[in-house]
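There is one chain below, alone, in structure tokens, taken in the form predicted alone.
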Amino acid sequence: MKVKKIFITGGAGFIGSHICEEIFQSFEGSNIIILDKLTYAGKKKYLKNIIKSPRVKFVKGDIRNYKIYKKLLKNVDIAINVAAESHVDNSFKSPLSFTSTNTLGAHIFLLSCIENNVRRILQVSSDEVYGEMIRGKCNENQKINPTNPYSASKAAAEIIINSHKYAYKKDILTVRGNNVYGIRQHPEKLIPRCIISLIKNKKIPIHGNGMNQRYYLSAHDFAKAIVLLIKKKDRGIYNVGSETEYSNIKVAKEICKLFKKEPSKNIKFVKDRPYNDKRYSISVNKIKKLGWKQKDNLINDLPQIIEWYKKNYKIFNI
């Protein structure tokens, strides 16, 4: 399949900007249309490496704006929905905004793609739709069991989107990623929050006892997985994740070490969120059979990430 035009929502966000860069490099003959609302977590400057190209068009807009799609989706071959409210803490405070963007927004995106004859659709989801996994790993056939408003909104979007592959015979890919790390991530998330806290000589706040376990995949590895799936698969659900597990307190201590600061003096434990899953874990055997594998490592990448935040932390206005 020759890909002439690719449409991406949420392309100015942390994960979205990395996906846009990878697609730009991997599909040299393709034009890219990027839609982003430019909320607090998205910045046009994240696209500075590609946005000046005549192949790239940026449009500021909301994925819930039904009218915006008719012109943007004309002759689009592949549409990718990355746009989302993603911070779990915020989802407890404002659950309806997550349902509105992540579920209703995804539904409007999907229907617009169908009406405009987009050939292939890719929905970026989350490993959190599986819910807590104390032991073992979830494969793609596992029943979903979301446990917070964020993951529930993503699970609802999946159900709506995947139902249309039967009714409309559409080629739909759903990608469930685990925690993603890298530059440009908003400091509401653990790694940049740890880094910026130490840059500003403040203590790192850690939820509960810090023993919650997470897997971390680099934004580059995740973006490469997206490109691989576009090239090799028309439909289906794929987990994409790391195979290295860290507790929250372990991550904080590793960052303290790189700052040459004593963890006991620079970490504080704060009230936990209303429900905080102890562990997520996904099997990536399915996508590995296509030739994908994790290349980056969190601990190895932390020094360069820290350097980026030292130079850029003021853009977050915190």
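Keep in mind it's a predicted model, so treat the numbers as computed, not measured. The first residue of the shown sequence is 1; numbering continues from there.
Quick note: we don't show the form predicted together with a small molecule, though the next part is all about it.
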Looking in the model of the complex, any heavy atom of Ile161 within 4.5 Å of the small molecule?
no
With the cut-off set at 4.5 Å between non-hydrogen atoms, does Thr39 touch the small molecule in the model of the complex?
yes
Please determine whether Phe14 contacts the small molecule in the model of the complex, using a 4.5 Å cut-off between heavy atoms.
yes
Any of the heavy atoms of Tyr150 lying within 4.5 Å of the small molecule in the model of the complex?
yes
Tell me which stretch of 184 to 192, 108 to 116, 163 to 171, 141 to 149 has a heavy atom within 4.5 angstroms of the small molecule in the model of the complex.
184 to 192
Residue (of Ala79, Ile204, Ala157, Val124) lying close to the small molecule in the model of the complex, criterion heavy atoms within 4.5 Å:
Val124
Option touching the small molecule, based on a heavy atom within 4.5 Å in the model of the complex, out of Arg64, Lys257, Lys293, Lys57
Arg64
The small molecule is absent from this chain, but in the model of the complex, do Ala83, Ser86 and Gly177 each have a non-hydrogen atom within 4.5 Å of it?
yes
